[in-house]
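Subsequent text provides structure tokens for two forms of one protein chain, presented individually as structure 1 and structure 2.
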Structure 1
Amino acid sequence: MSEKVDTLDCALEVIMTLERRGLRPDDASIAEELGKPIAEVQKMMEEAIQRGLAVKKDGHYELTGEGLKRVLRHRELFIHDRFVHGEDRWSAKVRDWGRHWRHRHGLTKDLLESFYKALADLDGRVEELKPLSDMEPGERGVVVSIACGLGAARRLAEMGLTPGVQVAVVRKAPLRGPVEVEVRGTRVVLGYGLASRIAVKGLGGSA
């Protein structure tokens, strides 16, 4: 995707996030969140309005249904490309995303529903997500996606580790060793490779 499209998607995400926090997104607040000049944001939002992705009412912006769908698709593609494949060349080949997640990445129907709900509930920008393996001991977060093959996904689900659940990192072994996390009151040890494919939104604070 182009930088222009990425930036527009980020602006739409900011609108969605601020709305859900009970705020009224305007040019200044969007510019502050993105770290962009107001003039650049105004130009982006003019484009968003022209494309039917947002509307402006009383000086603030609201997403349309198409804008919301675009935000959710942006989040889905970002997670797929960044956390699953590590590159973006696969997304253009996918025609049926539900089937792709189920058959290529091991998400059952229930896990897929949890994943899409976690995407919709995400507070903030998808670019703020990081692998569970990158979290430090004491950090807490919410799992947004798990893509690690059918067998591993099912085992993690049986442990209670599913999209939408809170986790806390207890300890990490050095040199890409195992990661111990607490989930639903139980401690679980994950291999580094598996932990690196679990996308988490940090919550801040200590476990």
Structure 2
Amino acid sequence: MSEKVDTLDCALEVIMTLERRGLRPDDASIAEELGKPIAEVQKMMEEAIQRGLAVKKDGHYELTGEGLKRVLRHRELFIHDRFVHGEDRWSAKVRDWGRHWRHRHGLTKDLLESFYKALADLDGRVEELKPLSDMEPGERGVVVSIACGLGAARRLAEMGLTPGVQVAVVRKAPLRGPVEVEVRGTRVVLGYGLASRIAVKGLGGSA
């Protein structure tokens, strides 16, 4: 998956994340976050500036309006491909995103709005998110978003799976079977489909 994600998008994502943390993103800090050599980052950022996605001011980068839009679109595609369809690069086939979310995934206008809002508010890089179903037994993580129908999302929240809560995967059944998680001192079993729509930020774990 990761190699298919555009690294430019990732770099912009990093800039946004660092800005959020009150830091001033420069070549070195971006390179560190991305785990890429500085030279490569410099080249990439030149391209970004050329395309009007970022500007450079006294040694650090800032996103332009265009750049911000691009990050949000990147996040949207990432969530869509990774969590909602559960397969890579589905987004290539989509033209009108608002329409797609509403018709294909049954999101109402309100929900779509709150979804976009959540994307903009995301704490950290979107690539750090993974479906709960991809976590290994023993791994812990924080629930970031739940991209399933409102009925199920509501029930999950009522059972303690609210955004921001810490979960630990207890076990997973083979062949895309259900996932058992520990949340708020209780154990809950979730079907694979559901677990793959829950975006979690990993915290590592005591496997």
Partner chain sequence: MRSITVALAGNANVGKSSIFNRLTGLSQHVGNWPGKTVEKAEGVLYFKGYRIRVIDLPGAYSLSPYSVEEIIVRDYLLSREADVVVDVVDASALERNLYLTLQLIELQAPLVVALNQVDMAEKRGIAVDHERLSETLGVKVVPTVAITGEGLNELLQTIVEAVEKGERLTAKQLTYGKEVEERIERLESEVRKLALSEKYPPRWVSIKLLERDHLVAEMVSKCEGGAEVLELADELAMELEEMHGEPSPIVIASERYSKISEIVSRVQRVVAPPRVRWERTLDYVTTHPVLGYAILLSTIAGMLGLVFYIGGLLSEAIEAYVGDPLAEAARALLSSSLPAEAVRIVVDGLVVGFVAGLVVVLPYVVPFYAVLSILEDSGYLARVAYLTDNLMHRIGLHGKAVLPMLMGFGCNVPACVGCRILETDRERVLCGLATVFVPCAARTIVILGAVGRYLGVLPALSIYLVVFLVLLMVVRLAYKVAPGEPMDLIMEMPAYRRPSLRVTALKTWSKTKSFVIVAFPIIIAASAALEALSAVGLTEQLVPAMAPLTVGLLGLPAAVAIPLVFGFLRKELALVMLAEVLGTWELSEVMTPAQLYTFALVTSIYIPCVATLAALVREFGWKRAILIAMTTLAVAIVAGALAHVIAIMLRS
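This is a predicted model, so every value here is computed, not measured. Numbering for residues begins at 1 and runs along the sequence of structure 1. Definition used throughout: the rigid core is the maximal C-alpha set that superposes within 1.5 Å between two forms.
K.L.:
Which number goes with the form predicted in complex with the partner chain?
P.N.:
Structure 2, which is the form predicted in complex with the partner chain, differs in this respect from structure 1.
K.L.:
Pick from 33, 55, 26, 127: which one is at the hinge of the rigid turn seen between structure 1 and structure 2?
P.N.:
Hinge position among the options: 127.
K.L.:
Quick one: report the rotation angle of the small rigid part relative to the large one between structure 1 and structure 2, in degrees.
P.N.:
So the smaller part swings through 33 degrees relative to the larger one.
K.L.:
Fit the two forms on their core, then tell me the C-alpha shift of residue 181 between structure 1 and structure 2 in angstrom.
P.N.:
Between its two positions, the C-alpha of residue 181 lies 7.9 Å apart after core fitting.
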